[in-house]
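Encoded as C-alpha cells, the following chain is the form predicted alone, with no partner shown.
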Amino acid sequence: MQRKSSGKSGPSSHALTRRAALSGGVAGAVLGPLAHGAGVAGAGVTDTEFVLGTSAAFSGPSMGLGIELYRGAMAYFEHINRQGGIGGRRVVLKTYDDGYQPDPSVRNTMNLVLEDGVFLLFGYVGTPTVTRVLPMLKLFQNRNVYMFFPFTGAQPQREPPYGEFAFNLRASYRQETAGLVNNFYAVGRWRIAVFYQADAYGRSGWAGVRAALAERGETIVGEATYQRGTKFTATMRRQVEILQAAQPDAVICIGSYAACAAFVRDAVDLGLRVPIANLSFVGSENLLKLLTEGMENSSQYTDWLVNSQVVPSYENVSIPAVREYRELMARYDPAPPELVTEPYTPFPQSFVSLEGFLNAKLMAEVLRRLDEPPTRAGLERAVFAVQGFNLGVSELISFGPARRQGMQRVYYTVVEGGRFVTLEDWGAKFAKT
C-alpha cells in the first residue's frame, strides 16, 4: 500500500516562493544551515521503509500527466512491496500536488526535504517546475538530495550547473525534436512551424527544433505561443492564423494535452491541413480523448497527428517490460493519490504510465545496489553501478559521471483505429505530394 499526502500544497513554516527562498536574508536564515544538514530528523530510510518524495500535477489541465505517471510507478512499487520490499523495506511515495506550477513545486520540495526528510525526489512532472527546483538541490548538495527520473526532457537537469543533482531515464527533448525535424525533412517537409508553451518547457523544445533545422540550413518558418494552464475550451484561432500565414509543411507542438488538443481542433477547423507533431510530454491518450470524445467526424482531427514517444508502444507485447507492465497494471489497477479531488478516469494503459513503471523499476534497482545501511551519500555510487542493465526494453541502461541519462531511443506513433500505434513508414504517411 502507498502512503499519500493529506492534501494539496498549502502554507507552512517553509511555504516560500523560490524568489523569497533564494533572497539573501531568507537563504541565510533558513536554507543556509539546513543545506548543511541541520534540523531534519532521519534521512528518508528506516528498517522498514524507503520514503520517496513526489511533487507533480494532480490538479488542473495537466493533472492526467501526474496521475498516470504516479499510477505506473505504483504498479511496480506495489508489486515489490508485496514481495517483501527491497532488503525488507517497502517503497513509499510521499506525494504533493503542484498543479504544474513552479511556486507550489518549490514549496512542496522544501516540505519534502526539510519537514518530511524523504530519501530522494522521484517522478516530478514538467520543465517549469523542475527547473525551479534544481537551484534548491544545489543549495542542498551537502545533504546529498538527488532528483530521479523527472518527466521532462529539458536540458537544465542534464548539464551544468545542475546536472550533477539529477538522473534521467527518458530521452531528451533535443533528441525528440531532432528526430521529428529529420523525419519531416526526409519526406520533403522542410518548412516547419512551432506552436509552444510560453515557458521553460516550450522554449526548450523550440530551441531543439531551431537547432535541428539550423543543421540543415533552415529556420523555423512561423511560431505561436500559448500560456501554461490553457484549457481545451480555449480558442486557438489566432495561433492558427499566425502559422497559416507562414505556409508550413508541418507544425511541431511543444505543450501539454489540453492546449495542444485545442490547437489541433482549431487548426483542422480553419483548414490548416498539414502534419501536426507533439512531443512525448503531451500525454497522448489524454490528447486523443479530447479530440475524439463527442466530436463529429473525429478522424479528421487525428489523421495528420504524429507523436514522438520515449518509451515503446504499450501494445507491443513482444517487449518483456511491456508484458510485465500490462500484467501489473491489470493486477493492481493503482488508484490516483488521495489528494486528487477533480474527476478523472484513468487509462488501463498509457505511454505516461508505462514511463512511470519503467522509472520505478529502475529506481528499485538503484535502491537494491545501496550499501547497508542505506544513505543518501551512497546513492550516486549505486546509480553509477548500473552498467548494461536490462530493463526489459530495446536498449541496455548504463550510468556514469558523464552519463546521467539512461535511455536514448525515440519512437514515433500515429493514430489508427482510435489508438496510437507505431509509425512504420514516414514516406507513406506524410510524404509531401
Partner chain sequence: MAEATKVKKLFQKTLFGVFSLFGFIALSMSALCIYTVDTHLSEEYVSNSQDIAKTIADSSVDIMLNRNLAALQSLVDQFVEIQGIKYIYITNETGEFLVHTFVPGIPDEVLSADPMNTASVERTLPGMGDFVEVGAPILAGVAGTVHVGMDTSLIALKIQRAIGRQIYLISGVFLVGVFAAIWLVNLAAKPLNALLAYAVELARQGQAAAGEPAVLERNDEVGQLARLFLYMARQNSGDEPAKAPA
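This is a predicted model, so every value here is computed, not measured. Numbering follows the first chain given and starts at 1.
Form predicted together with the partner chain: not shown, discussed below.
Asks: Of 332-340, 249-257, 198-206, 307-315, which is the one stretch near the partner chain in the predicted bound form, taking non-hydrogen atoms within 4.5 angstroms as near?
Replies: Heavy atoms within 4.5 Å of the partner chain in the predicted bound form occur in 198-206.
Asks: Is every one of E223, Q227 and R238 within 4.5 Å of the partner chain in the predicted bound form, counting heavy atoms?
Replies: Heavy-atom distance to the partner chain in the predicted bound form: all three under 4.5 Å.
Asks: With the partner chain left out of view, which of R189, R174, H79, R143 would have a heavy atom within 4.5 Å of it in the predicted bound form?
Replies: Spelling it out, the residue with a heavy atom inside the cut-off is R174.
Asks: May I ask you to choose, among N111, Q155, Q244, N183, the residue with a heavy atom within 4.5 Å of the partner chain in the predicted bound form?
Replies: Only one option qualifies, and that one is Q155.
Asks: Hey, in the predicted bound form, is E293 touching the partner chain, heavy atoms inside 4.5 Å?
Replies: No, E293 stays farther than 4.5 Å from the partner chain in the predicted bound form.
Asks: Is there a heavy atom of Q349 lying 4.5 Å or less from a heavy atom of the partner chain in the predicted bound form?
Replies: Taking the distances in the predicted bound form, the answer for Q349 is no, it never comes within 4.5 Å of the partner chain.
Asks: May I ask you to check whether K138 falls inside a 4.5 Å heavy atom distance of the partner chain in the predicted bound form?
Replies: K138 lies outside the contact set for the partner chain.
Asks: Would you check, heavy atoms only and a 4.5 Å threshold, whether R132 touches the partner chain in the predicted bound form?
Replies: Yes - in the predicted bound form, heavy atoms of R132 and the partner chain come within 4.5 Å of each other.
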